[in-house]
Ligand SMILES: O=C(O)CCC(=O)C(=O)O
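Listed next as structure tokens is one chain, alone, in the form predicted alone.
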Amino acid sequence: MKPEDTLLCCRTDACWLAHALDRIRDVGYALVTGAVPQDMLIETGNRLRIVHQRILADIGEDRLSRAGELGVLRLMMKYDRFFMRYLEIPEILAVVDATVSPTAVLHLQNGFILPSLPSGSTPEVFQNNFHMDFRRLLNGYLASINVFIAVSEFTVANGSTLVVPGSQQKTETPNRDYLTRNAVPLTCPPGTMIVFDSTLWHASGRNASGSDRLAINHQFTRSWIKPQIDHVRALGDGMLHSLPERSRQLLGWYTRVVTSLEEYYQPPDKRFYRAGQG
């Protein structure tokens, strides 16, 4: 399969969602161009860099280095609520609703500023080794979906994400040689939405382009799966009350765990874990 064959369609195509769902079922991933407008992409790039500095100041470079990550920005919404706007993009919500259901929750939102490094100097970290983002196989049941946004153009030179077509929902771990031989670089323009079954084997490429590669990864799971970070506690009631109802739901507002009988014995519209959440 050629890299250019992975390009699916533009989100202005009437049947983009149906085609994307077919692609995800058959090969594990789909690309939809034009999902994020140019002005939002420019602002996203600027704000990613600002959030990066805020996280460095808050957590410290030593602790971040010990984590064994390369340019990963976690819990960006705490540092800049601009990133909550991604939870309102219609195309992202359409994918979530059609795959892991309208009651799904955000498992994580991670920004990426993948640095350009000289050949041979990129450290071996989790993200550039082939892996699945969701390692629980449930007899073909789709429990987790990733929606990756290319903020920069994705090219082979700047480390575009590598995926192994058809490797999703496999009970046996493919060997490294197989993954390397069959990997496809997802080259695409800025604003492309890369959607994949979270059990798909994939890896970050290595950036030798001379410029940072920018992206945002969203992972959504069925509501009964714990998120990577408790967004309700991390962001606070005040911030969540100011958000649209759908955003609150995605952040876990309606799947909270009670801590007292006072919280447990509440009328249906005030319960922490609402009925019908999956």
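These numbers were taken from a predicted model, which means no experiment stands behind them. Numbering starts at 1 and runs along the sequence shown.
The same protein also exists as the form predicted together with this ligand; that form is not shown, yet it is the one meant from here on.
- This ligand in the model of the complex is approached by D133, whose closest heavy atom lies within 4.5 angstroms of it.
- Within 4.5 Å of any heavy atom of this ligand in the model of the complex lies no heavy atom of F82.
- Interface residue remark: Y86 is not counted as part of the site for this ligand in the model of the complex, having no heavy atom within 4.5 Å.
- This ligand in the model of the complex is not approached by Y178, whose heavy atoms all lie more than 4.5 angstroms from it.
- Of the candidate stretches 123 to 131, 96 to 104, 167 to 175, 137 to 145, only 123 to 131 contains residues with a heavy atom within 4.5 Å of this ligand in the model of the complex.
- Shown here without its partner, the chain carries Q109, F220 and H231, none of which come within 4.5 Å of this ligand in the model of the complex through any heavy atom.
- Only one of L75, I92, A203, V184 lies close to this ligand in the model of the complex, with a heavy atom inside 4.5 Å, and it is A203.
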